[in-house]
Ligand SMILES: Cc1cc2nc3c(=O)[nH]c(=O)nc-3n(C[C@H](O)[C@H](O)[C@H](O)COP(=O)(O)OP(=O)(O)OC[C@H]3O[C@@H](n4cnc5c(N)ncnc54)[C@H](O)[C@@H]3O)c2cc1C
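So this first bit is one chain, no partners, the form predicted alone, shown in structure tokens.
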Amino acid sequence: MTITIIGAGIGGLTLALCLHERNVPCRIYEAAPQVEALGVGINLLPHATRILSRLGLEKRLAEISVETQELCFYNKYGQFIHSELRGRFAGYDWPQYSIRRGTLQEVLCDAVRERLGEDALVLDHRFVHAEQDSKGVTAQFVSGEDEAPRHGAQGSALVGCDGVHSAVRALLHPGDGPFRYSGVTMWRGVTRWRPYLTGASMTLVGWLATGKMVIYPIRHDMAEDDCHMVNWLCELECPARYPDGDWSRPGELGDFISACEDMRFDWLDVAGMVKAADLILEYPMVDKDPLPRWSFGRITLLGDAAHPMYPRGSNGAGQAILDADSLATQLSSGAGPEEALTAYESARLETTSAVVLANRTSPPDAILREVFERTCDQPFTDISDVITPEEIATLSEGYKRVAGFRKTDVNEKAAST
């Protein structure tokens, strides 16, 4: 059995490593002519780092990321609402890491080439079509600006890990339709900035009628002035200018800075940090309705290709990593390719669909929404008069349950494997 993987993103690279761990041959085909460290920050929650640690990557990840210590909530006036420990600081057996997306991709890519060989990752191959029969799947590719045809790739099964603009998804679901815009656009950036709070704090600063800020460090070892590399994003409700789901579109400071101009707190000058950004990107918060199925015979989907979701809850990359581990388990079970893909879909489709829907209605920042609504967007005197610790815990634990990273669930699963 040989598996053809379409896309060298986080999901596709993790799948290759998980398959290699289980002695299942595979090859990745990537449309880009080279793998570049693009993008801004993401978080890896303990349910994902459990898998990456098992794959032998924890030491390297610890060297190039920030082990997140706490998640803190503030209102737009800089008033403290709530904090909770994260990862090992909260008693998980595994850490939570904040890291630049492109850096994580480089780590995974290096591991694939080292373990599977240089020819395991084939670049400049854009997937255009696949045909299958009882013996396997043949994938067709083109390359370069002239889209010259490439030789087809033969495999026992094909997995579309080609992101939110998945060509494999379009092949399986030709009537899939456009993205669903949330009404919120994100401006995302990275800034070299001085440490704040614990130096490993992820903060959510809210004014939920129109948007919020999310801020967290992703690298500590910056040479100049003991600065950290800090990732931030600003969400604003506004009409979609570019509802195409392009992660790499450059953004303009003037389009959103007025929303956070007054955010100059004693613990962080948010406005100053944003203005000093090295990079700004604009992204419309889009997703798609959950699909009724991913697998058609010997072809299936994984990660954003299967379940594009709003980037909330630090969970998009994590769900792709969980998909990869689940699919590799099924493909190494001794079942035939079609049976393995069906079992994978049964294990993951309902779970990820629930996360897609939760990210629309009840993400972790629902705590900010509750405080906003109860205070009518005014400063409070005592947060305990606004919302109780029990209510906050219910909101926080509810999302962890849906997304699969409650502490008991993650630690118990680790103990059983």
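All residue numbers refer to positions in the sequence shown, first residue = 1. None of the values given here were measured: they were computed from a predicted structure.
The protein also exists as the form predicted in complex with the named molecule; that form is not presented, and the subsequent description refers to it.
- Look at 263-271, 303-311, 71-79, 86-94: in the model of the complex, residues with non-hydrogen atoms within 4.5 angstroms of the named molecule sit in 303-311.
- Contact check for 8, 40 and 162: all three have a heavy atom within 4.5 Å of the named molecule in the model of the complex.
- Of the heavy atoms in residue 155, none are within 4.5 Å of the named molecule in the model of the complex.
- Among residues of the shown chain, residue 126 is one whose heavy atoms approach the named molecule to within 4.5 Å in the model of the complex.
- The named molecule in the model of the complex is approached by residue 317, whose closest heavy atom lies within 4.5 angstroms of it.
- Using a 4.5 angstroms limit between non-hydrogen atoms, residue 248 touches the named molecule in the model of the complex.
- Screening 349, 31, 356, 368 for any heavy atom within 4.5 Å of the named molecule in the model of the complex leaves a single hit, 31.
- Interface residue among 288, 150, 101, 212 relative to the named molecule in the model of the complex, by the heavy atom within 4.5 Å criterion: 101.
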